[in-house]
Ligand code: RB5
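Okay, here we've got a single chain as structure tokens, the form predicted alone, with questions on binding and movement later.
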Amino acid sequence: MKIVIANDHAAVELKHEIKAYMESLGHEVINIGTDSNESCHYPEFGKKAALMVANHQVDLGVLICGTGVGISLAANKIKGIRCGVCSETTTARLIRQHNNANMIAFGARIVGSELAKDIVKTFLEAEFEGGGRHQQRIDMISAIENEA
């Protein structure tokens, strides 16, 4: 699978760990986040990664900032993006199974590296259950997105 990873200054070290971990699982990972600890703006990185997912340049995206919230908010402004913030594995699995999420976010100040690896692995291994109420709800979200 081809995955984009993006981060801000709060998540440089964790980004490198997660990138290496995903590569060890056999995924191609494109790093578009900052590699500097100097303050920067997470919306720029969230947008850039989300555009890559929305334009089908990559299959999925992983976003990391201090809490995961800010960068996910930026990503979710891009049409077609469904990004959820996860601090544990159950949510990581369910956002793929029920919401067909194409991006995940978490906070470097919230989760440690081992939990982050578990969250990412769970997200990448889960599959959309498709059809029925889940697809109906995704279609409803898309309709809201198209109204704006």
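Note that this is a predicted model, so its numbers are computed, not measured. From 1 onward, residues are counted along the sequence shown.
The same protein also exists as the form predicted together with the ligand; that form is not shown, yet it is the one meant from here on.
In the predicted bound form, Thr91 stays away from the ligand, with no heavy atom inside 4.5 Å. Although the partner is absent here, Met22 sits far enough away that none of its heavy atoms falls within 4.5 Å of the ligand in the predicted bound form.
Contact check for Thr67: a non-hydrogen atom falls within 4.5 Å of the ligand in the predicted bound form. When the ligand is considered in the predicted bound form, His9 lines it closely, a heavy atom lying within 4.5 Å. With the partner left out here, the ligand still marks one of 114-122, 44-52, 82-90, 58-66 in the predicted bound form; by a 4.5 Å heavy atom cut-off that stretch is 58-66.
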